[in-house]
Structures are given as C-alpha cells and as structure tokens.
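The chain below stands alone and is given in structure tokens; this is the form predicted alone.
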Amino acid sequence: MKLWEGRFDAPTAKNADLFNDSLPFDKKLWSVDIAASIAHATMLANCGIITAEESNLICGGLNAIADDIAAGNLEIAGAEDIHSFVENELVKRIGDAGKKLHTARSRNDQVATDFRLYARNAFDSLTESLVWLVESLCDRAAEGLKYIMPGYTHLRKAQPMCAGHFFNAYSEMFLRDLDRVRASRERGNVMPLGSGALAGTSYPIDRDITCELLEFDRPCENSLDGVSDRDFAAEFLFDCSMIMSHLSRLCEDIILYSTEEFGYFEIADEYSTGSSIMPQKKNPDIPELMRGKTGRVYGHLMALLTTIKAIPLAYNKDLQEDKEGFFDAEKQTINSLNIMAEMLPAIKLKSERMAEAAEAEFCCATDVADYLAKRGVPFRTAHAVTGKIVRDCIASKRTLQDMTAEEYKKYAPEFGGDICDVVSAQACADARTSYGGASAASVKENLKSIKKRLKEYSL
C-alpha cells in the first residue's frame, strides 16, 4: 500500500512504479528510519498528541521490526521506499495505532532526517578509517627516520631528504581531510524533523525532545531549507573526493617507486597480481585500482552538484538522486582507506637503493650553492658557479662526490676542505633542520606533532 494513494482513481503504471521506487537502495536507511520514528513517537506522547499507550505500542513494534531485520527474519520488499515499508509493516503488526506514527510528520522531513542520521554515521566511519591510515603512515615515517631518499620536483630528482619526510607529507594531507570531515559533520548535525512537508506543523510538537533523543545539535531554523538542504551530502562527497585525491597521489608514488627503474619500494605479494601471459610480471593492481576509483568518486560529487544546482524550494523528487552516489562514494572511499592502511605496513623500503639514488644526478647541488652563500658569496652568483660545476661534471661524466676540494677551489676561492663532506646525501638531508624541514631531527618533531593532532580525532 502506498502512503499517498487515497487521492488517485487509478494505480500507478508498472513502469512508472519501477522508475519511481527507491527501496532497492534506500533500504540501507532502515535502522536510522526506525530510530527517528521511535524518537518522533516518544515526542508525540510527551506533547500529548498521542497517548503514552499508543507511543509504547508504536515503539515496541518498531523495535521488533528492527530486531527482525537485523536477524534476517524480515525481508525489506514490497514498498516504494524504506519509509513506506516500515510504516506498512508497523500497521500490519499493531493495527491502527501504527497509523498515528506519521502525525505531525511528512515524508519530506522524515527522509531528510534519516539521511542526515545516516550521513553522520558515514562521517564517523570516514574518521575512523582516516585515523587508521595516518597511524600506518606514522609507523612508516618512524622507520624512515633511519633512511634517506631523493625528493622530487617535476618528477626530477631535487634534494636528498629523510625518508620519513615522505610519509609525513601524506599524513599532513589526511589530517586536513580529518579536519574537513569533522567540520562537515558538525555543520550537518542539524535536525529537519518537525519541518513537515515544507511549512512546519500546526500540532504542538517539541522539536527539542526529538533533537535530544537523536543527538542533533539543534533543530533547523527554517522548514523550507530543512526539507530541501542537501549541502551535507555534497560536503560528504567533496570530502571523499579530496580523500581519494590524496590516496591517488600516494598510489601514484607507490606505483612509481616500486618500478624497477626506481626500486625504492617493494609491494608485498599479498597486494600484487601477475600477468596472464608474462610470468615475470608483478603488477601493482591494488594501488592502480584505487587510483582509478578516484574518478568514480569525483563523478558522484559532480552528479549531486548538478542535481541540486537549480531545484526550486522546497522538496522535489530530484532529491531522490542524492543517495546512490553517496552510498557508493562512502563504500569506495572507506574501502580504499582501509586497504591502504593494510598495504602500507607490507611495503618494503629498499634503503640502499634509496640512498644511492639520493646522491645521484646532482641532488646535492643546492648545498654547494648554499655553502658559498654562507661564506659571503651572493646566492645568485653561488647558483651560477654551482651550475657551471654541474655542467662540467656532466661533460666529464663525473659527480659532485667525485670532485676533490682542490677542484672545487678552482671555481671559487671560498670553497674549503670541508666541501667534500657537504656533498654527501646524508649530510644534505641532515642539514635541513628548519621547522618542517627534511632532516631526521625535523621529521621526528613533525611526527610527534602528527601523533598529537591525531589524538583529537579518536572516536
């Protein structure tokens, strides 16, 4: 039975029913729908709108339905949406008292409330998975304090750095994601219930009661906005998109660094696949797939933004399109976070190869220029001198480490005998002691800060 069919002389066409029905996907809302209905029935009794006996009967029936669904004893089917299913099942079980549940409530504010409750849980799940990933990154950063590796700009070797600096950089990204998720959750924790279809209700309800029972921060202050606002869903999708963007970057680095050409990382066999034709292949399919899922999540964000861009006030059926993308983005993002948190500890860091690469291709050239600048040579002059040294080394197929102190002095008298110690990759990395820098000492302080900030997000 449809909740609204009394107005109509003819039933809905079969294909129209199929097109209109949302039960196949919004059945995920069953638990929050029941929780919100219990709170609503409790409030109705407290306000004298229904009797205490009717409220107890309703709440008992709803709890029994929840128990049966959770136990797998009740199939969610035979209705146009989860809200109709629950109400029809309630009436079937307790009779006319169940028909009073919808007093002072519309499906518009019911749907909006259920979705916010679900989204709130989704934000919490995102937070939990992000915390786990940052913890994994912190463990790798702590191990990386012992190693050096090259840092890159334009995908060209730039300067040596403590390997822990690499992992801390991603921790900082995901900490920003945690901050966004927390702010989005707080902004969205506003209760639409009591807004009715669009204009509130003439019943003497107390929205503060339902607000407290459902742990919302406050009721919405405008009923038109309350039933039509989906900003919280768009924010969730944006947060997921940023998370997937950061995951995609991490995946790209892992994929590159695990190639034979780089050889800094080795992905464990448990997170790799082979080739159906080339027996030697060990493919990074897990990070590649995760990188690919980023576009899928972006698509859900753009779909919702496009859906809500020109909807007139208040509720319109367009808003039924707000959930499928949300549910999929939630699943893909949380699964990606969790698999990355599992995979990271299983990645082997090839310290010798990283150290070798950190000294190759003139990664220490900046320190040569800095050496001169610290001895009074204008930096631009020092930069030009160092550029000439690099050019001559390339021509003679030598490295900065191959040169003697006497050879350096031919380029500038300010060079001393200690220049050869300066151009080791380890010395270059250790010299980056500025706040936020890439020395082991600075990375260690950054790691402490990350762990301290991470505690703020523990649920």
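Quick caveat: nothing in here was measured; it's all calculated off a predicted structure. Residues carry their position along the shown sequence, with the first being 1.
Heads up, the form predicted together with a small molecule isn't pictured, but that's what we're talking about next.
The partner is absent here, but in the predicted complex a heavy atom of 315, alone among 315, 85, 216, 174, sits within 4.5 Å of the small molecule. Of the listed positions (107, 100, 296, 180), a single one reaches within 4.5 angstroms of the small molecule by any non-hydrogen atom in the predicted complex, namely 107. Just one listed stretch, out of 246 to 254, 306 to 314, 108 to 116, 274 to 282, contacts the small molecule in the predicted complex at the 4.5 Å heavy atom level, and that stretch is 108 to 116. Residue contact with the small molecule in the predicted complex: residue 26 places a heavy atom within 4.5 Å of it. The closest non-hydrogen atom of residue 22 lies within 4.5 Å of the small molecule in the predicted complex. Interface residue remark: residue 359 is not counted as part of the site for the small molecule in the predicted complex, having no heavy atom within 4.5 Å. Taking the partner from the other structure, the small molecule in the predicted complex has no heavy atom within 4.5 Å of any heavy atom of residue 229. Site residues 143, 442 and 444 are none of them in contact with the small molecule in the predicted complex, judged by any heavy atom within 4.5 Å.
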